[in-house]
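First come two forms of one protein chain, each written alone as structure tokens, so that there is a structure 1 and a structure 2.
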Structure 1
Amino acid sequence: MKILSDIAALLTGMWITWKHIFRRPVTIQYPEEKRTPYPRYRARIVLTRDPDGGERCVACQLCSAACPVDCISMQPGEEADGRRYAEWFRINFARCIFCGLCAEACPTLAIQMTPDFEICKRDIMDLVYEKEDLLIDGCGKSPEYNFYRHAGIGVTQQRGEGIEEKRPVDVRSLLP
């Protein structure tokens, strides 16, 4: 009989919800109890330094080009020795969607995501972070990497002195 199986289905549902009344809630009471996010969680963005303490960012604009909501802007500058840096660097966290594309685009691993997700502010203008707010004193997730040691020819080292770089071949030695 269909009606009997229907009633049985209703009662089964009622029984399941009844059992759930006595389950322990899975709620995390947020401001008091906090859950530790995973290390690769994508939240507040930082600019890291290389192991020698220099700024990693070379103001190449790749992150700002990758950003789908256009919330990164910067002004590139150049030191006397030819090393590029950002004169100012600004991320508008009110617009950021924490997609992580900027961190993926960055060739120097300067821009990185951190698990710090609590960046609420009363005033929306306080969510515009300047370079001073973004720059940290550590290397972030890749402690060994130093972009200039690989590619900083003529700035930090002479041609052929970089890591994993072969010395230039003396073309005359190749002549027959």
Structure 2
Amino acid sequence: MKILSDIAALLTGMWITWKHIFRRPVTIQYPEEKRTPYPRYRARIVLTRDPDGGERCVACQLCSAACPVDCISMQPGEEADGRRYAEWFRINFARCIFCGLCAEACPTLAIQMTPDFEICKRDIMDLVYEKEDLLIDGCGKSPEYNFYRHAGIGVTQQRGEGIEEKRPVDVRSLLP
């Protein structure tokens, strides 16, 4: 019985090979012909802006914590009105595995992935992108989202003065 199953497996493999032997090859001549990636294809990382034109990145460092190969680094900074931003943001595309965990971890939707997959360079140091290289003018895939508007606390407001907020309770008034 083992011989019959082996012969059946061999004939099945030969049949599949025979079926595909007369098909035209699917080879694409890459530089001249380019395949259009699927709409949800994840490749190059970009930093987006909010609808007001400000940077979305608040340098919370969740993206660098979620990155399995540790290719993202940044330095947080704070403006005079209390709004946080990344003083510098650096990603090493030579180490990046394009897994998308950084984009999923970003609470402000600042990091988004584009279908641009052609980022080959001869010098490996050219694959280290700074914030200026990553920052785009648009909002990306979510044009209506503004983190500071949706966070519930206005940047220039005191605590308790925002919409749907209550004034902080003085804990000394709760003592007997």
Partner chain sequence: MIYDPIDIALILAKIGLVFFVILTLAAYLVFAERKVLAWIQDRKGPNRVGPFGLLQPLADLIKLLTKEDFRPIGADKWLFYLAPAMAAIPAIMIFAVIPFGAPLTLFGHTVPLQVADLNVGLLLFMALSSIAVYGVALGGWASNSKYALLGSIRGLAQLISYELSMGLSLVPVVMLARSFRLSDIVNAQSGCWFIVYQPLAFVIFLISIAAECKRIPFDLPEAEGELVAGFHTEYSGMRFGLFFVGEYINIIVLGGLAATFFLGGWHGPWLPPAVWFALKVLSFAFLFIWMRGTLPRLRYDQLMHFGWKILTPLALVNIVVTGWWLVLRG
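Rigid core: the largest C-alpha set superposing within 1.5 Å between the two forms. Residues are numbered by position in structure 1's sequence, first residue being 1. Bear in mind that the values here come from a model prediction, so they are computed numbers and not experimental data.
With both forms of the chain shown on their own, indicate which is the form predicted alone. The form predicted alone is shown as structure 2.
Could you tell me how many Å the Cα atom of Ile16 shifts between structure 1 and structure 2 when the rigid core is held superposed? Shift of Ile16 at C-alpha, rigid core superposed: 6.9 Å.
Core-aligned CA shift between structure 1 and structure 2 for Asp6 (Å): That residue's C-alpha sits 10.5 Å away in the other form.
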